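Here's a solo chain for you in structure tokens, the form predicted on its own.
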Amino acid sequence: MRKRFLQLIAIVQIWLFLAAACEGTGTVPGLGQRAVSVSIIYGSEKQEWLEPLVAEFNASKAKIQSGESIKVEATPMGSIESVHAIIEQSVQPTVWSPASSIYIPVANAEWRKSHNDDLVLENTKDLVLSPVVIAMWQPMAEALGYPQKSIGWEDISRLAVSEEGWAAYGYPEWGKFKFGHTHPEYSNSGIVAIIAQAYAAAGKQRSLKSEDLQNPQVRSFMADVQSSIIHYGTSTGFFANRMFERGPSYLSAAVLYENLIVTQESKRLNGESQQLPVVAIYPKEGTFWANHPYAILNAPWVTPQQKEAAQVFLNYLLDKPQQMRALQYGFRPSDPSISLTSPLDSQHGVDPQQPKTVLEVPSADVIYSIQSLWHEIKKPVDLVIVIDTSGSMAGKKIGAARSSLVQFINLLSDRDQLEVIAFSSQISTLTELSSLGEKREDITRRVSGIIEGGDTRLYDATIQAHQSLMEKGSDKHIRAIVILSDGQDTASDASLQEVLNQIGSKSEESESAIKIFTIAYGDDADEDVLKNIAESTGAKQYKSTPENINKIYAEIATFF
């Protein structure tokens, strides 16, 4: 199931990549000459820095020694989802440049199962650097003792389970502590977050072993931190954007990269953001670098010419002018001779003298064990799925909706609670909110038998789902609603404004605020309405068709 999940997440990226990756050489459009194609999959965190450099390099018409021109094609993709796509060979890049080296041991271990050597050799170079930090609003950080006191995971763990929340620090108006990090099986910052938590719980900075994770105190410590999570997700940038757009009522703190804080503070200082200042907390127990390695893959599809061309591009990226340009995006150049000047300073919420302690990257077996433990102790979800079964869903739409919904349900844990509501002219509850494990077979059968017909009561169904979750959901769980609709509301008693009043009245007052993810299914779906509903809760709206609905449901599942 996990393998299928990863495939669904990655598939939307793959088609972007195929043209550049399938041939080592080709004709440069408009020039009529042969070129060596260097295809790169990279962590999107450095897109603003890397994208213009790719264009400028290609325009320079650089060549390898044999005289062939070099054509670089770079595609952003999640660091962990991309390596699984490479292992499965659904993408075949020349270069892999994830956000950090943290997952390279796992990549090599997986590759060695079917090959005789490592996928990534030890001679990789770092492109740019950015420590993984806990981004926190400055007033909240100061309540914890910042900047005089060193703050770490111990403080986060204590605050996460405090019944008083911020009231214990003299700020009852801030409510409970609300925390966020990405899904550890899809995002670099997510896996870094739980590895750092495991180190802190074990009281170590290196030599972490799987046996350490058997300690009940380690399990309890990590469970405490996870209890304050509002949701997970695949994108570190999504957390950053939502946090900086919506402010402290949405998130108290999140695991991000230092450069994202620099970017936000630059906007604030330039008058482009009215939010509170945000600062980087470098956990006192230690953290990791997002070192953005440039790995020319040791794979059979990478030709000697491509390796040579990839090295030429690497040399270009490491040249001082390109390294200097990384500063403006909040990155630390990998070239140690370049001084860390503005915007890498306290005015922009960061400390260039940090981090003081860098944790050791554990072995692949230990990373697997940490991921397994996280699955056991992560915060469950109380989820209401709302599906449009009106007459306009006839044919291919309803068939794809049924099958994809079954797959979505199978991605959820037995510990999760699920309710399913179908709406047309009538609103029918297929299953009440209760533990999925005890009813998985029954609800799968019922969802598989959904039929279409009637009008569209989108607004009424949304209000019913929200009320149900408010009444029956647990404030100790992630609470979410997923709505799929293919048209405009035609039959509700309620209005859109009544929906927004209902879902907005308590949407951000607690750490278990209900997030509503919406799917505009097909060309006739009311995208504006669905976007309004989703974004009013700090969630996300998706555009979908019968052809990609599996991928959309799979991505939404990563939030839980």
Partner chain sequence: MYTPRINWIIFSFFVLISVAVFVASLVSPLVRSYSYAPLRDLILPPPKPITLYVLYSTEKDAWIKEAIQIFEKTNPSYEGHPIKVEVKDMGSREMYLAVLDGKEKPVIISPASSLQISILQDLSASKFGTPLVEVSNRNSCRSVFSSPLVLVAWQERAQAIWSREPGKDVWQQIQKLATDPEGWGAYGHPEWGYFKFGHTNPLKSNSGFMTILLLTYGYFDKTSSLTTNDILGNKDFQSWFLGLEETISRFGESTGTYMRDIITYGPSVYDMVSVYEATAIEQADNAIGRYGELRVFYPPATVLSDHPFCILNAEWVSPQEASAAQIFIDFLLSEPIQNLALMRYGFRPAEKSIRLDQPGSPFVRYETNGLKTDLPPQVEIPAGNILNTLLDFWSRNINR
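Values in this document were obtained by computation on a predicted structure and should not be read as measured data. Numbering follows the first chain given and starts at 1.
Not pictured, yet referred to below: the form predicted in complex with the partner chain.
Checking A394, V406, I338, L269 for any heavy atom within 4.5 Å of the partner chain in the predicted complex turns up a single hit: I338. For the options L208, L359, V279, A480, the one in contact with the partner chain in the predicted complex, meaning a heavy atom within 4.5 Å, is L359.
Of the candidate stretches 457-465, 417-425, 287-295, 223-231, only 287-295 contains residues with a heavy atom within 4.5 Å of the partner chain in the predicted complex. Mapping the unseen interface onto this chain, P355 counts among the residues with a heavy atom inside 4.5 Å of the partner chain in the predicted complex. Residue contact with the partner chain in the predicted complex: P333 places a heavy atom within 4.5 Å of it. Proximity of D126 to the partner chain in the predicted complex falls within the 4.5 Å heavy atom cutoff. Taking the partner from the other structure, the partner chain in the predicted complex has a heavy atom within 4.5 Å of a heavy atom of E122.
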